[in-house]
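Only one chain is given next, in structure tokens, and it is the form predicted alone.
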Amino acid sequence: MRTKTYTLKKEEHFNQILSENSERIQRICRYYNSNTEDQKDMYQEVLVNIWKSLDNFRGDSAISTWVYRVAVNTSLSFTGKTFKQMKLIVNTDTQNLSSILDDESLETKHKEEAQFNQLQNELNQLSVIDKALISLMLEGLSMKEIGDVIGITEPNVKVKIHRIKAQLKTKLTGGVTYEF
């Protein structure tokens, strides 16, 4: 009887996690795979991994941070040997896209689309860890949460993201560096 009660509690907890984080998980899957069917498979794999490791969640971080960690690690594992060629799929309605680009540089739709396409190309040149950092930043996670997900310190996250943004700005401005 104890096992049945425990399983019900675990299932309720899992369903609550799913209801609160489903969209986040789907976005992570979209970031790491452009193929809709692969995204669905990846999403299912994330859910399986959340279920399997739910008993190991210690509460050291927010449950959403832990879910991001499972989702990112699963996504990276799912892509397997091709993860170095993995494309980070960002679309123009991504909420926090302006955290990479300056709002002023998006004055016209044409300029926005051209810059977006160039940004997409540059993002796909990043290393796997840098892609993970950027995808989590686009999700709106704090530097501390990103560090918890990736497994590095908050100051290290800040330095890495600062360097990535500087590198992107340099490339997006044709090698001319501006103070932002």
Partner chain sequence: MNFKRKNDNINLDQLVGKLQKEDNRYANICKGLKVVYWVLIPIYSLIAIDTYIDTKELIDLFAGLLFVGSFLIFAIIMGDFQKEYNSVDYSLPTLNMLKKAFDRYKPFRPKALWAVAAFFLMDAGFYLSSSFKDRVVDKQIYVLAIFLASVIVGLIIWYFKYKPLYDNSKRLIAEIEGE
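Residue numbers count along the first chain shown, from 1. Quick caveat: nothing in here was measured; it's all calculated off a predicted structure.
The same protein has a further form, the form predicted in complex with its partner chain, not shown here; the description that follows concerns it.
Requested in this report: Let me know the one among 137, 119, 150, 63 whose heavy atoms come within 4.5 Å of its partner chain in the model of the complex, would you?
Outcome: Exactly one listed residue reaches within 4.5 Å, namely 150.
Requested in this report: Answer with yes or no whether residue 32 is in contact with its partner chain in the model of the complex, where contact means some heavy atom within 4.5 Å.
Outcome: Residue 32: no contact with its partner chain in the model of the complex.
Query raised in the report: For residue 143, is any heavy atom within 4.5 Å of its partner chain in the model of the complex, or not?
Result: No, residue 143 stays farther than 4.5 Å from its partner chain in the model of the complex.
Query raised in the report: Would residue 163 sit within 4.5 Å of its partner chain in the model of the complex, counting heavy atoms only?
Result: Looking in the model of the complex, residue contacts with its partner chain include residue 163, since a heavy atom lies within 4.5 Å.
**Report entry** Partner proximity in the model of the complex: residue 28 to its partner chain, non-hydrogen atom cutoff 4.5 Å
**Finding:** Residue-level check for residue 28: no, no contact with its partner chain.
Query raised in the report: Quick one: which residues from 54-72 get a non-hydrogen atom within 4.5 Å of its partner chain in the model of the complex?
Result: Result: 56, 66, 69, 70, 72.
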